[in-house]
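There is one chain below, alone, in C-alpha cells, taken in the form predicted on its own.
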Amino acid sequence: MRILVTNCNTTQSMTDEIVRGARDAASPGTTVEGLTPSWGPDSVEGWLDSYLSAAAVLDALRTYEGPAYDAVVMAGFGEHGREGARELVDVPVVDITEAAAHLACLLGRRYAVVTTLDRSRGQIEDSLHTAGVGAHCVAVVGTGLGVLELGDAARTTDAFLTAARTARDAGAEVLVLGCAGMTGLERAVRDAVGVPVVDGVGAGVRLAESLVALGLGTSRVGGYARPRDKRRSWGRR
C-alpha cells in the first residue's frame, strides 16, 4: 500500500518531518511518500494562506507524476481543500483535522484542539463543523507559536503543555494536536497532562490504511461527484 501525504505549505523541511511521523505511524508494508506544493505560502496561518494553500495542493495533486498511490492524507490542520481533493482523485482522501477529531470522539465525550496561533481557531472550528464533529469540541487553544517556530523543541513543548492544561481545565477529556508540525509531541503531553493525545498525521495514516484495506472509496453520488467536464485555467504558466 502506498500513501501520498501532502504538506499544505512549501517548506520542504516540514514535509520531511511530517513524512517521518507518518512512516512511524504506518503499518509494515505501507509506503509513505511526501508531496510539497511548488507554489503557495511558506506556512499557513490565516484565511488567505489557507485558500492559497488549497489551490496549490490541488494543483500539486493534479500534476503529480510519481508512483501510483492508494490514498491521500492531507496534512494541513484546519486548512481548506479536502472536498476538492475528494472530487479530484480516485482514491480515498483523509484530512488530518477530520481524522484526529473522529478518533478523539472514540476516546472521550469531549475533546479540545491545541494549535499554533489563535488566528487559526476560526478555520479549525469551521473545518470540524463541516466534518460533523464540531459539537464535541470544547475548545481550540492556541500556543502563540507560528508554524515555522515549531522547530524549537523546548519552546514548543513548554507552550504546548501550557495550552494543553488550559484545554483540559476547560473540560477536554482528549486532546488533539492541531498542527502537522507538532507530530511527535503526543507522548510528552499525554504523560504530563494525563489524557489521551491524538496526532492528526498518525490518525490520518491509519484511517487511510483502513479505508484501502476495506476496499472503500469516495462516494461519487452527490457532493463528491466527479468534476463536470469544462475548461479550467490553473493560473499563469
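Quick note: we count residues from 1 along the sequence shown, nothing fancier. Being a predicted model, the structure only gives us computed values, none of them experimental.
One more form of this protein should be noted, the form predicted in complex with a further copy of the same chain, which is absent from this view; the next part is about it.
Colleague: Can you confirm whether M14, G34 and V141, the three residues that make up this candidate site, all sit within 4.5 Å of a further copy of the same chain in the model of the complex, judged by heavy atoms?
Modeller: Contact check failed for every one of M14, G34 and V141.
Colleague: Taking any heavy atom pair closer than or equal to 4.5 Å as contact, tell me whether L52 reaches a further copy of the same chain in the model of the complex.
Modeller: Yes.
Colleague: Can L58 be called a contact residue for a further copy of the same chain in the model of the complex at 4.5 Å between heavy atoms?
Modeller: Yes, contact at 4.5 Å.
Colleague: Examine V44 and determine whether its closest non-hydrogen atom to a further copy of the same chain in the model of the complex is within 4.5 angstroms.
Modeller: Answer yes; at least one heavy atom of V44 falls within 4.5 Å of a further copy of the same chain in the model of the complex.
Colleague: A131: heavy atom within 4.5 Å of a further copy of the same chain in the model of the complex?
Modeller: Because a heavy atom of A131 falls inside 4.5 Å of a further copy of the same chain in the model of the complex, the answer is yes.
Colleague: Only counting heavy atoms and a 4.5 Å limit, does any residue of 185-200 reach a further copy of the same chain in the model of the complex, and if so which ones?
Modeller: The stretch touches the partner through R187, R190, G194, V195, P196, V197, V198.
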